[in-house]
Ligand code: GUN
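A lone chain, given as structure tokens: the form predicted on its own.
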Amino acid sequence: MPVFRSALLRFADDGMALFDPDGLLAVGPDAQGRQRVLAAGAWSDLALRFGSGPVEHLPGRIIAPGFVDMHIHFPQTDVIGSPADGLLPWLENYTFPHEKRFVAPDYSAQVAQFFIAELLRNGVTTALAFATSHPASAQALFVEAQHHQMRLITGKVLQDRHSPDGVRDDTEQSLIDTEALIQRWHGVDRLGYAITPRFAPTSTPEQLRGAGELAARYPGVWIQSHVAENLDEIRWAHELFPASRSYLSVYDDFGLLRERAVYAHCIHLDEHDRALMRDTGAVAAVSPTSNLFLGSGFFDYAEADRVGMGYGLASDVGGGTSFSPFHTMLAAYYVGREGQAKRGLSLSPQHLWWQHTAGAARALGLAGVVGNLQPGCEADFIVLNPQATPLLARRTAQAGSIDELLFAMIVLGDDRLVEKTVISQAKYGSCA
């Protein structure tokens, strides 16, 4: 039973941070041999029961839950940082040409290897990721995630129209391929499948209808797509689906709004749309670095909270500009602060961190499984070094509260802050 002693961060059910400057984390195997949290709390409270054997002492470090990334494009790893006037030109000029390469299994495998390593290096231990329209891309990502025993959800993209040769798929075959991948990978080890229409304009009604039928046939899988990211995109969706009340309603009309349905961006929603998200159990993947980079707009945190719509944070690489959860949390702070200045909204450091861990896990339907270090959770965690850089060390040493400490790491942190990433598995101690 591995036992660790260091500062310890975790979250209560209401999203408040629980921080023990001198904490204890004990983990042990469940019936399947997967490491889970047995105890987490103050050393003084738990040492008598759990601290009598070997203890790995990590002075000056913080053990925290692994981050959860709710929306990221694995095939866009190599187009991150590409200049464009906005979303649609960015797709046309960079994304689609590059994604054609993923028809090759060897190329897909090579990028998947780098992608998973980069997630783990940045402390991301759970991700919901897009592949491409090629089954080989999803297959490669599943294989690499399984190799690391990582909890990962992905799916082959569905896009049978308004897409160039090389990424456009065939309606019937795309649904056959999707079902085959579900049957092969969903629920294997720590893997999950996501039915993945790219976005409504690039799927015919027939393809969306088939996706909805698959979602009904396999209620345990996830659904992922994009909605209301860009005003030009919204106008396009209205032209293509004039019978639907809104862009979001297109997905509802085809049976694609439900629990475990994750829609990236959700910037330009109205009150009816937000209520529809809430009532169906669908959630938003908030992608602030991407929204700022592409000039798409600001997610309305205040309205989402007022209505009771679920959400969590996401990097959205490669429209997003960094794999680092610290950069994503800082961008979310800007969005909450600048995008809604008239309301005086300021996201607290605890809430920002919760959005990328326990809150994101809850939005994915994985509360109590990942994103936290409460007893029963899978033991995915990161070891943070708040002295990783001279400025970070100087600022964190002067932090007088948990909010000051967390915010200093959000503002000044990057991959150097993550000293180790530990993945729960049968043989304890996998790290990157």
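Since this is a predicted model, take the numbers as computed values, not measurements. When you see a residue number, it is the position in the sequence shown, counting from 1.
The same protein also has a form predicted in complex with ligand GUN, omitted here; what follows describes it.
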Looking at 304-312, 276-284, 225-233, 118-126, which stretch has residues with any non-hydrogen atom within 4.5 Å of ligand GUN in the model of the complex? 225-233
Does ligand GUN get within 4.5 angstroms of any non-hydrogen atom of residue 267 in the model of the complex? no
is_contact(residue 324, ligand GUN) in the model of the complex, heavy atom dist at most 4.5 Å: no
Just to confirm, residue 149 within 4.5 Å of ligand GUN in the model of the complex by heavy atoms? no
Mark residue 87 yes when one of its heavy atoms lies within 4.5 Å of a heavy atom of ligand GUN in the model of the complex, and no otherwise. yes
From the list 352, 335, 294, 361, which entry has a heavy atom within 4.5 Å of ligand GUN in the model of the complex? 294
Have a look at 260, 198, 134, 190 for me and say which one sits with a heavy atom within 4.5 Å of ligand GUN in the model of the complex. 198
73, 91 and 290 - do all three of these have some heavy atom no more than 4.5 Å from ligand GUN in the model of the complex? yes
